[in-house]
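Only one chain comes next, encoded as structure tokens, the form predicted alone.
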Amino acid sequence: MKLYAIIFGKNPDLSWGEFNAFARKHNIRVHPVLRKDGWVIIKSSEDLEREFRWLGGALKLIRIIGRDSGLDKAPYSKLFTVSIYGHRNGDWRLWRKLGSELKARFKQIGPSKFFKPASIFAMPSELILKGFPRVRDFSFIFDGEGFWFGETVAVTDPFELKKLDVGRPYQRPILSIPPRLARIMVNLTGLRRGKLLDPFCGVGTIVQEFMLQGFEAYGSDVDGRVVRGARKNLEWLRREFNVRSRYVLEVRDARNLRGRFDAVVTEPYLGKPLKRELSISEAKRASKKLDSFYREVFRSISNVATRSVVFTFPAFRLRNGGVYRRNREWLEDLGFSIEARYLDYEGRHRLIRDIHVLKVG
């Protein structure tokens, strides 16, 4: 077991939930040491380094070298950068001071210099463009009592995720979920193999993630036009990413599903785009209207899903600054238990994803 830090993306709660399901999925032993907003320190087996790239909500994996020390143990690098997390007064002066200390140590071995990232921490895209892992990233993670010092050993690849989105031949930009979120939702099932279905597949974003992770991939949608577009995208995926997994797509109403699947992972129709925030009464009416449709869908899902469901319901930003999330007791009546719920949105969003992780039976 080694000490690691994980740097999360914009939604730490969702990312932490994904990571725990991911660890169970890959039988990776994990013992949390300290969790703060945006990062966590854990003890874990080295298997985590090999599988880390398949996380959607994490950015960087940092192997801890020391606590309040360790600079003398940092491996030499001709070109490196410094990342600072958790320091209340973290600024460029501190960044430069820490970088200069490392540079002075490295110059005892050979020539060395450090580069300036866009912020006081380096993002995965910056590291990859500079030549990671040959170019190193050393991190100082402050927890209020001291710091953890370590080196980034793995990152998730934003360029690959971008290609999985805008590189595809068939696009529906407003209606398609991001590939990163699709990866998170698939990981939330906690499954490593089996048959997975997306009954609102659209252009195939979730189905392509099934294929990338080696699942038996199934998708359906009531709109034949987008199913044809999804097929073009999945054939593109097989060529561009050398994916051998097979897939099955069909035109089908989600209220009339058939077959048996280990899990259903999907984002359905969430309602019309909103031009303004809603009042609480408007949000309740909108949710109730959509629930009449979702209830029929879940009656159908209950006949085909055997283990888990990851489903996005809509939540709504309110005029008073709050968020309306509907409680759906009818899920239990249909044989589903809620294991977790996560909100996913950005500040400008009026319609918010309320992601449910459900157990069947």
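Residue positions are given as counts along the sequence shown, with the first one as 1. All values derive from a computational prediction rather than experimental measurement.
Quick note: we don't show the form predicted together with a small molecule, though the next part is all about it.
Heavy atoms within 4.5 Å of the small molecule in the predicted bound form are found in exactly one of 156-164, 117-125, 250-258, 139-147, that being 250-258.
Put simply, of E235, D223, D91, E101 only one has a heavy atom within 4.5 Å of the small molecule in the predicted bound form, and it is D223.
Only one of R172, K78, R192, K289 comes within 4.5 Å of the small molecule in the predicted bound form through a heavy atom, and that residue is R172. None of the heavy atoms of I184 is located within 4.5 Å of the small molecule in the predicted bound form.
When contacts are judged by a 4.5 Å heavy atom cut-off, F106 does not count as touching the small molecule in the predicted bound form.
Residue contact with the small molecule in the predicted bound form: G219 places no heavy atom within 4.5 Å of it.
At least one heavy atom of Y269 is located within 4.5 Å of the small molecule in the predicted bound form.
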